[in-house]
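Considered here are two forms of the same protein chain, supplied as structure tokens in two stand-alone entries, structure 1 and structure 2.
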Structure 1
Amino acid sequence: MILESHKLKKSYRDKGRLISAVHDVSLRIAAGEVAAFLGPNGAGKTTTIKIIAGLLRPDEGWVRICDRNPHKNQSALKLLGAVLEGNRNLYWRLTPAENLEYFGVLRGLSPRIVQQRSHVLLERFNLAHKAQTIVGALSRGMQQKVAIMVALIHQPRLLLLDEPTLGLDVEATEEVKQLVREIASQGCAILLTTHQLAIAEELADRIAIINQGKVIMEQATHDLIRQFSGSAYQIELEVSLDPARRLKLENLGTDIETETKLRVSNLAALYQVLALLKPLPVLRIQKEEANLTDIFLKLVREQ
């Protein structure tokens, strides 16, 4: 396990009142795994990320990064890279190359190694042509890529990304997604938060949903989707149904959603329906899959 967090608890004191931000949050991420941490605004995602990064001390519980506790052992921070919420992880008055150099040395690398690695990173992130432009003059997408590069310069085992695609356009979002896949495929464990559920569904091996400080669900993405997907099929025809067939189908208990679309509740019924439809031209037959948005809303509202 690269990351283990055990029953993290954190309350903030705000104007004399105690606000519980995180309650018993336990997470585990293995090497090469991407975990998405989802939840509504104020659910406690950023708080958890900051506790893992050693920036915030938990009231209870512990964090281990490759068996080292970042709150007790400062060298654990060498194993960790983080891009925190917002766009201010970099010195805006320095160029990407200068940021890489400064933070690389700060993370304990020699200037020579930093030079070599920034060269490689700038090429790989497609930013070599912007290496000498100050960060403040780059687009939001480029800034975010530079922030990720800086978080990777010391080759951490765990990468924390708090809303990495916030405010990025379609193309930049795709680029960041691709980078996340690549970084994970090289063995880095990644924990990311996002409000864009489609991104989580595409990228994450595991999904954890947090609401009001508590993890309400934590599962492998495909298990989760399967669990909520049920057994129904959708059939789409190229032509409209005739009234006679329509009647027979209704007697079989088929949902007729439009003139050309049917919904069949299980596999056994599917073949009966197909027999009835023969020889009408079929456009598609598809098993119904739940999407993460539906699952997310269902779980969060149930609470």
Structure 2
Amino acid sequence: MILESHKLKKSYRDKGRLISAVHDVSLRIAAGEVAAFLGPNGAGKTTTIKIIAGLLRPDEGWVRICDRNPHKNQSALKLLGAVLEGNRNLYWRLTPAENLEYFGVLRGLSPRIVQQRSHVLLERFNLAHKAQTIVGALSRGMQQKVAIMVALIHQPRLLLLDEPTLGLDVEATEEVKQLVREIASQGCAILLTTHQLAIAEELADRIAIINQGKVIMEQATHDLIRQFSGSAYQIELEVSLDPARRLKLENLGTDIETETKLRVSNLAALYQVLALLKPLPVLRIQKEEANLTDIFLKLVREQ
């Protein structure tokens, strides 16, 4: 296991009151796994991330990165890479090559190793042609890729990614998503925080939702989606229903939403409905499936 946090607790005092920011937060991420850590503003995400990154000490509980405690063993931090504020991690007056050199040496790498790894990263991220362009002159998407490269220069086992696609256009978003998949496929564990829930649903193997300082749900993404999905099917026709078919379908309990759209909530009746529709042309048959946004809002509002 690359990351383990166990029953983390952290409280603050504000005007004489004790405020619990994090309460009993436990997380586990394996090598090659992408875990999305989601929650509304003020839920405790940032506090948890700072504890994992060794920036805050928990009041109770512990963190292990490859079995090392980042609060007691500084070597644990060498196994960690982070993009916590997007492109603000970079020096904008330096080039990508200079940023990689600076941060690589800062993390204890020799200039020769930094040069070798920088070359590989610049080629891999398709930025070799921009290696000597100052970061401030690069596009937002390129800046984000440089920030991720800087986080990877020392080859961490755990990567913390905060809003990696925020503010990017469609093309840059797709490029960053592909990079996240590639990084995970090479064995790096990734903890992803984002308010873009569609991105989390697409990239994450596991979802952890935190609210009011507590993890209220942690589950494999596909299991979570399946748990909240119904068994109904949506059917869309190319032509309008005739009155005779409409009556027969209603007698089977089919919901007629429009002249061309039906909803079959009784799975046992699905094939009867399809038989009644024959030979009308069908455009689409799709099982209703929950999405992460709906699940997130439901869980947070219920709590």
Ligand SMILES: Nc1ncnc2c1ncn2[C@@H]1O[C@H](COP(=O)(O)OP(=O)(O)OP(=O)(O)O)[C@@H](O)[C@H]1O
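Sequence positions of structure 1, starting at 1, serve as the residue numbers. These numbers were taken from a predicted model, which means no experiment stands behind them. Here, rigid core means the biggest group of C-alpha atoms that superpose within 1.5 Å across both forms.
Peer 1: When you get a sec, tell me if the form predicted alone is 1 or 2.
Peer 2: It is the second structure that is the form predicted alone.
Peer 1: Quick check: residue 223 between structure 1 and structure 2 - does its CA shift reach 2 Å or more after fitting the rigid core?
Peer 2: Comparing the forms between structure 1 and structure 2, which are aligned on their rigid core, residue 223 does not shift its C-alpha by 2 Å or more.
Peer 1: Do you see a C-alpha shift of 2 Å or more at residue 14 between structure 1 and structure 2, with the core held fixed?
Peer 2: After core superposition, the displacement of the residue 14 C-alpha between structure 1 and structure 2 reaches the 2 Å mark, so yes.
Peer 1: Relative to the superposed rigid core, does the CA atom of residue 75 travel 2 Å or more between structure 1 and structure 2?
Peer 2: Superposed on the core, residue 75 moves its C-alpha less than 2 Å between structure 1 and structure 2.
Peer 1: With the two forms matched on the core, what distance in Å separates the two CA positions of residue 171 between structure 1 and structure 2?
Peer 2: Its alpha carbon moves by 2.5 Å.
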